[in-house]
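A single chain comes next, written as structure tokens; it is the form predicted alone.
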Amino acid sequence: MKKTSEQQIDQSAKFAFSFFVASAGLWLLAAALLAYIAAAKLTDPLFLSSWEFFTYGKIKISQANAFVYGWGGNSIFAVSLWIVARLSQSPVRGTIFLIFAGSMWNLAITFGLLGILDGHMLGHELLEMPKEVWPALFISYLIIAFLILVVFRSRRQSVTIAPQWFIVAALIWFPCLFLFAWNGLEINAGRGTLQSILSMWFGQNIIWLWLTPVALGCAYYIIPSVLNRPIDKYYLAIFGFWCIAGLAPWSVVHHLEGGPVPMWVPAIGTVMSIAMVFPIAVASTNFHATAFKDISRVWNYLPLRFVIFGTLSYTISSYIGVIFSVPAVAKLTQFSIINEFHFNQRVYGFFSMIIFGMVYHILPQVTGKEIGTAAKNFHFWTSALGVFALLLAYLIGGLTHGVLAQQPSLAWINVIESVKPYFLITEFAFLILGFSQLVFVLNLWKVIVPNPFSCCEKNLEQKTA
């Protein structure tokens, strides 16, 4: 029987997609373990205190890098490759080079995290890995991105749509961000406050201009594809895309409110952050007005349920972020644990939930196998519970922390004791998320990695019959 063009594309993407997804799953487990250790050390400072490698600072930085570059990077490569190939109606090429570059990417991250744990780290946000690993990371990224762009360049139709805009832009933005930041921080290091501004700018924009566009691109792809209806008010998508491209890079500097920087820097960030209501509203309108027209289909199709959870999380928490960028509010929350709310919302509540949905959607088409419904249901509910508990604890705990820290009559130990219950909740939330992700990865590997005993089992069944 002759294969359709979609089946041929899926077959061409099978090995590279499986490699990146399997690698992403391992990094997800590593990040989950590190996240739990970091949370546990906040409630019990003596936890693993006899191990020099497991100080809180090293563990926290390692967890962020493992999550963003390990889980985030590999999953971006996987879903981007498949979506671009499907929309371009062009097969994946250079599978050997993709796997070679992916292996180099993962090895570089491994050595980078070992360097961090050994104390050899840089002082820049999400650029903490030793400088020796960055050339390997950068070269491997360029190879992977180039091969994905080759597929995009080979598309049969010249007209492009929203998923392609966001994903291709994200692939290009990452090396641009890195080169700009690396030049200003390491090659021609800036003076004064410039380095702190540039460091924070890079760390925040890795989330806004790399992880976020890919997740939005996935949502723009899967929602109309599954519901078999066009995106509601699709003409707004191009406006939302250019708003994110133009506003997001500068909105992040509002985090410097109250810091040792010129006042106009956070002021620009505040204005841009408030203006971010426009792309947030566009995404919310496009996604939710479309999905809620067939809410039963969304609920019954688990991959889409993950995606809609992620888009709702993006909408609600982004509006909360806009409120927190207002100077009067930022003065209370700026130096509190509220920043943990922003990071975890974007990487757990938004990006990861959408990627989970996309993996569940793509996997049966690429491998011909599917993870069981019960396992996916369990993964959804435990992830939703863990994300909700985590974000609520950081949100309420951050506000409590910020308000109490403004009271000069309170001893600092009393402030910490008041926030400690919220740390206990985050520890519990990370435990739930870690268990949920373990189930996800075990089922993922069971589908991707062939069972070496399957042939023997089939022969035994035939002989018995």
Partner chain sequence: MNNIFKFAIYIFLTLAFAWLAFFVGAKNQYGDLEPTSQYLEENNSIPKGADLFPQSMPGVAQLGAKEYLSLGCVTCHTQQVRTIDAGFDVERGWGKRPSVPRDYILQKEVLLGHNRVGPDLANIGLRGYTREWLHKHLFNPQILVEGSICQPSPFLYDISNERSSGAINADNKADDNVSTIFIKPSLRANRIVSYLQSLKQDYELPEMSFIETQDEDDTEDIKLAEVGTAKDDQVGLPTWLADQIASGKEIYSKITPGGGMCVACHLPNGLGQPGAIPPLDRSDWVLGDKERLIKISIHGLMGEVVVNEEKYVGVMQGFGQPLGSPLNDQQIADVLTYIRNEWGNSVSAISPEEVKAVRDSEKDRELTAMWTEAELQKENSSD
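Since the structure is predicted, the reported quantities are computational estimates derived from the model, not experimental observations. Positions refer to the first chain, counted from 1.
We do not show the form predicted together with its partner chain, though everything after this point is about it.
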- Answer for residue 123 alone: is it within 4.5 Å of its partner chain in the predicted complex, judged on heavy atom distances? yes
- Query: Looking in the predicted complex, any heavy atom of residue 188 within 4.5 Å of its partner chain?
  - Reply: yes
- Item | Close approach of residue 423 to its partner chain in the predicted complex, 4.5 Å, heavy atom | yes
- Partner proximity in the predicted complex: residue 94 to its partner chain, non-hydrogen atom cutoff 4.5 Å: no
- Query: Honest question, do 201, 249 and 262 all end up within 4.5 Å of its partner chain in the predicted complex by heavy atom distance?
  - Reply: yes
- For its partner chain in the predicted complex, the stretch among 279-287, 375-383, 202-210, 215-223 with residues bearing a heavy atom within 4.5 Å is 202-210
- Query: Of the options 416, 431, 26, 438, which one has a non-hydrogen atom that comes within 4.5 Å of its partner chain in the predicted complex?
  - Reply: 416
- Which residue among 180, 111, 138, 319 has a heavy atom within 4.5 angstroms of its partner chain in the predicted complex? 180
- Query: If we check its partner chain in the predicted complex, which of the residues in 137-152 reach within 4.5 angstroms of it by a non-hydrogen atom?
  - Reply: 149, 152
